[in-house]
Structure formats: structure tokens, C-alpha cells
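In C-alpha cells, the next block holds one chain alone, the form predicted alone.
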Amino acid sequence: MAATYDYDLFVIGAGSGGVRASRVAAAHGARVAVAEEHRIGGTCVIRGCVPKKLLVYGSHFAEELHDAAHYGWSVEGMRFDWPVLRDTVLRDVDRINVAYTQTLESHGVERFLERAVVTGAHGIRLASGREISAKYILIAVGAWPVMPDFPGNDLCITSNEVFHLPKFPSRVVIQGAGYIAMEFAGIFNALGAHVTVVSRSETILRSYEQALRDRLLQITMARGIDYRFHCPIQQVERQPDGMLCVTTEGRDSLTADVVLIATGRRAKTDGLGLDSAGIALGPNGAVPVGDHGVTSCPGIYAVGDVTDRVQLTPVAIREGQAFADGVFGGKPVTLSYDCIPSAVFSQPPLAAVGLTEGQAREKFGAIKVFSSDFRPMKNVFAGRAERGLYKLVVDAASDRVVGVHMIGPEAPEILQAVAIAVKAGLTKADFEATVALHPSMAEELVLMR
């Protein structure tokens, strides 16, 4: 007799990947439940990409209002009100949380707003003590900020708490040199805080093209962001006046209102019980998975940031869709992880798809590199010296464009369309045969010779 279960699918984690998998599986006729111990929506929409991008938009007005005079606008009495921006962003987070919840409701997905852990290949235990069985279990709990161990780390915040600051800080110390650190450095700097970035290494945004990293460093230093490399935090202490004294390795101490730790994220698998199903975790707590998201336990799958693959929201969504279509829709899909576009919403932003110059040289040997180092029209008119930089990496043998790297205003918006061309395998000749759209920054992509 076939085994019977409470649900066909039980999803642990209601972020982007878990919600997509839940609703698609339910649309295929599965009995689905999902457990979420925080809020429906996950990191991206609750405490990550979406609210952070709204803060980026808000911070851009500092530059736009300053430049307005060049366009004939007189703006008087300008002032920035942090609580207004903060609360508006949080209201939008609430709106998205409701929308995600309604999506699950409309598809008949049962929701448990409490922690759930795995008790075996088909078993789940809720924090309330209820035991549940499911034919399939999907792990979609995402990742969590890493907090280094040093005295006073309890006085620091992570990207989880930064959206809830009671007042705007005048001095901010940020430890880290990845995309989260660089994005918040740009936000706080633009809004008027003095920002110091400290890092144990000497490299920002390690995975991006060297030329873009160098350009971003140059521009952000000119904008007033200070950097201390090879200089991790050793201790943070609260002073009598309420300020924080930050002791770093080999340098004078720093004073700050806020210390933001952005040193990476770790899969949120601690205490999840995966060992009860014979699943051994990989580096950084990640769940190792095969091509279709299956773990070493055949009935348990994983998608999104909790896995050892790519930590990006659109990837998690595609993985959730592929899982549900394959397991419940009879349409197995093997996802491709090459040519995934990415962006850093720093100020200015950078974006990339495909191989860096070094990676391409290692893979193909003979390559051609084309670049355009230019001053965007917007910056010229506003009297800003900042320059954009676009770079094409081409396989010399096939003429195929294998990498595009950009820094400058609106780079992420431009790159999305370019990523289609790179994914499709178009050649440099195809780029050159395309008529330029003038006047635009994007036209540089088809004018490089």
C-alpha cells in the first residue's frame, strides 16, 4: 500500500524561491504547506534587495537636487528627513508582504508562521510541537548575515537591522567589501553621513572586473568615503556620550553612531535537522544539491541561497519554478547557470555578465578586449568629473562576446538587455552591425572598435 502523507509538499522558508515553488506546485494540484518563522517574502523583499533599492533611490535625490540648478531649477529649503524615508520604505515592505501572502492564499497553500525543522526524509516538526509528514520537503530558508566574533559585536548591526534605525547616523563604520557593504556605503554617504569602510583584505567586490573595481574605488573616495584595508574590527565599545569607539587592527580607533557588519552571509541551516535525513552540509552551512535541486536524501530538495550554487533572488525563483514543474508538473528542467547578469547598486552602479578578462583568457587563451572610457552627458552638463567605463571581452577565435562589464549611471538597467545578447552567443560583429541609439550611454556598446 502506498504511503500516505499530510501534504504532498512541505516547504520550509517563504522567500522568493519557496513562494514560487509553493504556488506552482499547488497549481499543478499538489497539497502544499509552507512554514516561515519570520515574514512571508524572505530576505529580498523584507530585509534585502527591495528595501535597499528604495533607499538607493532616496539617496539619489541628494545628487539630483544639487544638479537641478544646471537645469534651471531653484530648489530652496532642502532638508532630508530619515524617518520619512525609512517609514515609507517599511510601508512598501508591508505591502509586498501582504501581496506574497495573498498569492499563497489564492493558490490554497497552507501557511504556518513558525519555525519548522526536519525530523527525517518525510518528517517535519513545528515549533508548536506538531508533527507533520510530507512526500516531498523543500528547503528554502535562505541565508543569514555573518557576525564576526569580537568584543562588542552585540553593539553592531547587520543588513537585517539597518532599515529600522531610529535616527540617521552622522558617522558610519562598515566592515566588509562586498556588494552589501558598497551599496550601504553609497547610501549613507549620499545622504550626508561620514562613511568609513574597513576590510580585512585589500579588494572590494572581488568577483568583478578589476577595471570596474578600481574605477568605483576612485569615484567613491572622491565622494568622501574613507577606506581602511587590512584593517578588521577588533573591538567596539559604547562611550559615555553614547557614541561607539571602534578599534581596528593596526590603526587609530574610529568613532561612529552605527557600525554595520557586512562580511558575508551563511546558509541558515543551523538546527534545521537535516542530519536526521542523512544530509551532510557543505562549506558555510550550504545544502549540496544535484542538477534538479535534489539533496542526498531523495525526498528532500533545496533551492535558493541555502544551496551551494548562486545566491541571487532571480536564480532562487527559477530554481523554485523548475523544482515544482519537474516534480509535480512532469516537466523536468535543467537550469543553466552561465551568463547570469549581476549588479551592484553602488554609487555609481556597476553591472556585469559573463567572463572577466582574466577568466576569458584562462578559458580561451586568445581574446580581444574593447573598452570605452567616457564622461556621461549627464555628468558633463552637471560639471561632474566622474567617468563611465564599459568593457567587452571577446573570444578571438569565434568573435563571440563572452563578457560585458559596465560602471556608470543606469548600468544595471542597460545590462539586462545586453545579457540577452551574451546568453544568445552574439558576436562582436553583431554588436557593430547594430545601429547606435543616440544620444545615450548605451550606444557605447555598439561603437567600440
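What you are looking at is a predicted structure, and each value in this text was computed from that prediction instead of being measured. Throughout, we count residues from 1 along the sequence that is shown.
What comes next is about the form predicted together with a small molecule, which is not displayed.
- Candidate site formed by Q175, S201 and T263: every one of these residues places a non-hydrogen atom within 4.5 angstroms of the small molecule in the predicted complex.
- Residues placing heavy atoms within 4.5 Å of the small molecule in the predicted complex fall in a single listed stretch, namely 309-317, out of 331-339, 164-172, 309-317, 242-250.
- Contact annotation: E183 falls within 4.5 Å of the small molecule in the predicted complex, judged by heavy atom distances.
- Proximity of K52 to the small molecule in the predicted complex falls within the 4.5 Å heavy atom cutoff.
- Using a 4.5 angstroms threshold between heavy atoms, F188 stays clear of the small molecule in the predicted complex.
- Contact check for Y100: every heavy atom lies farther than 4.5 Å from the small molecule in the predicted complex.
- The partner is absent here; in the predicted complex, the one residue of F364, F80, Y179, F112 having a heavy atom within 4.5 Å of the small molecule is Y179.
- For the residues R375, R206, K368, R95, the 4.5 Å heavy atom test against the small molecule in the predicted complex is passed only by R206.
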